[in-house]
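Given as structure tokens, the chain that follows is alone and in the form predicted on its own.
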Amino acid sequence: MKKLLISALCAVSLGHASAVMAQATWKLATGYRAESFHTQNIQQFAREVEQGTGGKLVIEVHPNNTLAKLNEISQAVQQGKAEAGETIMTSMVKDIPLAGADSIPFVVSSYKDAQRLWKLQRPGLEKHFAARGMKLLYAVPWPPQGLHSSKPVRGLADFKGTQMRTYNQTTMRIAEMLGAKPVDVAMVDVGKALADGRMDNMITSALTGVENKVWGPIKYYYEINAWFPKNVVFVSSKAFEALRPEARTAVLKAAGEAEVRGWQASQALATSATEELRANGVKIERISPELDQEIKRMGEKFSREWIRSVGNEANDIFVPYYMPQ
């Protein structure tokens, strides 16, 4: 009887151990606040993965640089410090130049164009991610980058001598081409820089303008849709392949839904943030047709320079992108 009891207990214990081993946990690192629409979308993605796998895969989301800094998240996943991560695609440009298609200004002018660019960009990026032991899951854009200005902008001459906020090589190059003085200002310091008179204009989203309450010093906002920077969510290939086939299917299904949901949220926020700027006294205006043509020519110059620097695989994106629809 005692032997039977011990055998039964062993069986229960082994069954419990098997159940525990069947459950996997991924740590997902992101550099953005828990309140960010990107992070909220990831949280929903994690819930849907847990539900879709019957609890066999749990994704723990670590926001606000708590697990790894934004620019170091892809390395953290490659090094096994986290199973999954999210970062802004342009943070990966040094390692994966193809990711720089996101930051070429004045080429993509609508969400429809941004979707088309992403479909052309994704296959090449998937190969680069795979070569680094990662699997790309989905990408979601920030609202488009607009022009915030303390003074009305009618033409290129209105930029000359102004102080333009810059934060990467692209924005520095834009400032130089416009004849503006580049001023390096971190996003958290935008409000103070405006109050101190250290900057006159900047290219960033309406949402960023709202989050930093730029009204007062900023009088005008122009919806130039300069570019649509994307955040990308990815996972260690090793962690993904360790899942059972049905769990992998559930992850990919949830990722596809997160991408659709995220693009919709981004577009809704672009509209609501612009209206909030208006409600706080910022004039929402369109640039002149002449200036629109000028910045489009600048975009073509940027894209040519980028293609030369990246090489043949850049042509796989922009040759079909510029073909007549």
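In this text, residue numbers run from 1 along the sequence as written. Definition used throughout: the rigid core is the maximal C-alpha set that superposes within 1.5 Å between two forms. These numbers were taken from a predicted model, which means no experiment stands behind them.
One more form of this protein exists, namely the form predicted in complex with a small molecule; it is left out here, but the text below deals with it.
Taken together, Y32, Q145 and M187 are fully in contact with the small molecule in the predicted complex: each brings a heavy atom within 4.5 Å. Picking from 251-259, 137-145, 113-121, 152-160 the stretch near the small molecule in the predicted complex, with a 4.5 Å limit on heavy atoms, gives 137-145.
Among heavy atoms of P229, some come within 4.5 Å of the small molecule in the predicted complex. Put simply, F106 is far from the small molecule in the predicted complex: not one heavy atom of it is within 4.5 Å. Interface membership of Y167, defined by any non-hydrogen atom within 4.5 Å of the small molecule in the predicted complex, is confirmed. Although the partner is absent here, T208 sits close enough that one of its heavy atoms falls within 4.5 Å of the small molecule in the predicted complex. Checking I88, I224, I96, A193 against the small molecule in the predicted complex, a heavy atom within 4.5 Å turns up for just one residue: I88.
Remark: with the core as the superposition reference, the CA shift of K230 between the shown form and the other one stays below 2 Å. When two forms of a protein are overlaid on their rigid core, residues whose CA moves 2 Å or more are considered shifted, and M199 is one of them between the shown form and the other one.
Put the two forms on the same core and the Cα of T90 is off by less than 2 Å between the shown form and the other one.
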